[in-house]
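Below sits a lone chain in structure tokens, taken as the form predicted alone.
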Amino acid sequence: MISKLTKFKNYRLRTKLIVTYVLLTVIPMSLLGYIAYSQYANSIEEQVGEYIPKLLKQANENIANQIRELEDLPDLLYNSDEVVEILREDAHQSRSSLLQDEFTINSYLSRMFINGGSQDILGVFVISKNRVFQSTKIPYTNFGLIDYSQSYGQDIQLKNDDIFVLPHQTSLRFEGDPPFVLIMKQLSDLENRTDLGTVLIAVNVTFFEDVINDMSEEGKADLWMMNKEGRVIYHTNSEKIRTVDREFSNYPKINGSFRTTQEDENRLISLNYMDETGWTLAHSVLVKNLTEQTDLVRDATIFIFLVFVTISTIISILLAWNVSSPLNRLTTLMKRVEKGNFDVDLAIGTTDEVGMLADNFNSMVTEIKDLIRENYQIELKQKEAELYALQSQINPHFMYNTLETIAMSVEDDEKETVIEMVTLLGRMLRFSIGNKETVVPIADELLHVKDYLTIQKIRFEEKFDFTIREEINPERYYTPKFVLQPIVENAVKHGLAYGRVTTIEIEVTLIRNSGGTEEISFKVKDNGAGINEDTLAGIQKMLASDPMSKRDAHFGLSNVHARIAMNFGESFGLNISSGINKGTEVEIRIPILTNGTEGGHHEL
């Protein structure tokens, strides 16, 4: 289960949205509809199962009333003294007398039973002393009794009980084969208690139809009456009359309803037993017919549900696609950005969460692209500054002047001066060539500048002087390489004035700011002619704007300022103050660099 949840968690968002929709809507609605339909169908079945037995009981009572009325019909013979007198007569009479008696009784039977009695009477037969009197409504054949063959004579003993002769117990058939039962009753002479004979009344059982017709539900239900053995007396399907219900022995012997699954289709069978006759009135209906109207509602509901599910599924797929598609595009574009392609644009056109995410992504990519472009330009400028610094480590003019001074010293046989200058020049060249490191101890940078100034002092003798004052441990702190030489060269170039001694002072101090941070300050001061305000303003504007924009006479200053600003920030760099005939002071500020690693970015 946990592994399946883990797999589902890794599914695509579109799949998860659709699966979640199905789990939360389609399945619950399907189960709810199925449960509601099942409960409703069961409720209908239970109500019908309770209602039908009550109808059967009422129908049985109505049938019993009619049977009681039919049982009284034979007593009509006692209303005629003439008939009773004929039945008392001896069976052995003359032919004419016999015919006269038959005419008399047959006329009476027709008048009282066929024409004046119940409409359901098909025929009346009176058997007395080997004589048969009869009157029928429709032609008949095979009048005879199978199990009661002895009852044709006046010797039968019915013990004053009425006997129902069922259709299967007689071969009598009327034209059209209507269903009927025979009510057989023994006639007794009320005066001398002798047997007069037997009367049989054929009654059409279609009177059952009048009682139970409303229960057949327009032919969708089967109704039948059967005796104690399950023999069918009447059935709404006439073909089953006289047959035996094979399942009768399995029926419960109490009134009520039960459901059977033994047949091809489920049926609800209801039974009600008639106490007077022992007959059973049965009602059977297919369960599907009970829920026919419900099935229509069910089918309509299923159709509407399928339409709803189809439409809602399409909408959910569109929504899932609308959400996942921009995310997929975002994922694709992010992979392109990861590979370095920042020329991407995620256009969504909406203001929802996805649209805001796309806008943020586009803004982020644009910002990254600008930052990369800016850093790339800074790096290019830095490389350019480094290249220029390397190119200007040893000024060709300085080299030429130094070599010329060495040559003059050789001519003047000033060996010590030559040795000193060659030594200083060699150390400067070695410092310049050793360019593997971009930051060096301040002591090395000061030594390099000191060598440069010493050579200049040899050249200019008493016209030039310099001092270097250190208030920090120059071996502990580091500085970018070649930050002092361009400033000092510039001071020598522009500070020398005719008729007076040019002095250059270099001061290295540790400054503590108001925020508690410390910085290294290099100050290069000369007592030269100074810089006028316009030129000084132009130089400061150049340093503030783009120090690497062009290479002019002040490119050495701008190169140093640019290298420091690009690596340590705009708060560091050069600060120039000067005035006409007041000299010039250039201050270089850098962060604290210890062992070449502390204080920020040091890859100069």
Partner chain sequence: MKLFFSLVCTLFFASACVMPSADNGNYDVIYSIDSVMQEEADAGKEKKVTIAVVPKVASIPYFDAVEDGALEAAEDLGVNVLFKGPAFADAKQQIMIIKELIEQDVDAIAISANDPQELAPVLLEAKEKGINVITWDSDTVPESREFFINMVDPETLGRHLMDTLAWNTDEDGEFAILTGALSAANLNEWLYWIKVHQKEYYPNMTLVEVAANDDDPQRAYELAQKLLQTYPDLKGIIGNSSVGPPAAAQAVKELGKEGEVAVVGLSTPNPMNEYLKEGAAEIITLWSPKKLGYLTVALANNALNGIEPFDWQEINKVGKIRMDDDTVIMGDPMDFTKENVDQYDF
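Numbering follows the first chain given and starts at 1. Predicted model, so just to flag it, every value in this text is computed and none were measured.
The same protein also exists as the form predicted together with its partner chain; that form is not shown, yet it is the one meant from here on.
Visitor: Ok, F207, Y273, Y108, F125: which has a heavy atom sitting within 4.5 Å of its partner chain in the predicted bound form?
Guide: The option sitting close enough to the partner is Y273.
Visitor: Which residue, A544, V26, A537, A64, has a heavy atom that falls within 4.5 Å of its partner chain in the predicted bound form?
Guide: Residue within 4.5 Å of the partner: V26.
Visitor: For the chain shown here without its partner, which stretch in 365-373, 440-448, 527-535, 186-194 has non-hydrogen atoms within 4.5 angstroms of its partner chain in the predicted bound form?
Guide: Comparing against its partner chain in the predicted bound form, the contact stretch is 186-194.
Visitor: Contact between R259 and its partner chain in the predicted bound form at 4.5 Å, heavy atoms?
Guide: Answer yes; at least one heavy atom of R259 falls within 4.5 Å of its partner chain in the predicted bound form.
Visitor: Find out whether any non-hydrogen atom of L13 is located within 4.5 angstroms of its partner chain in the predicted bound form, and reply yes or no.
Guide: Taking the distances in the predicted bound form, the answer for L13 is no, it never comes within 4.5 Å of its partner chain.
Visitor: Spell out, yes or no, whether the shortest heavy atom distance between T454 and its partner chain in the predicted bound form is within 4.5 Å.
Guide: Contact check for T454: no, nothing within 4.5 Å of its partner chain in the predicted bound form.
Visitor: Would you check, heavy atoms only and a 4.5 Å threshold, whether L318 touches its partner chain in the predicted bound form?
Guide: Because no heavy atom of L318 falls inside 4.5 Å of its partner chain in the predicted bound form, the answer is no.
Visitor: Would you mind checking 230-258 for residues with a heavy atom within 4.5 Å of its partner chain in the predicted bound form?
Guide: Residues within 4.5 Å: E247, F248, N250, Y251, P252, K253, I254, N255, G256, S257, F258.
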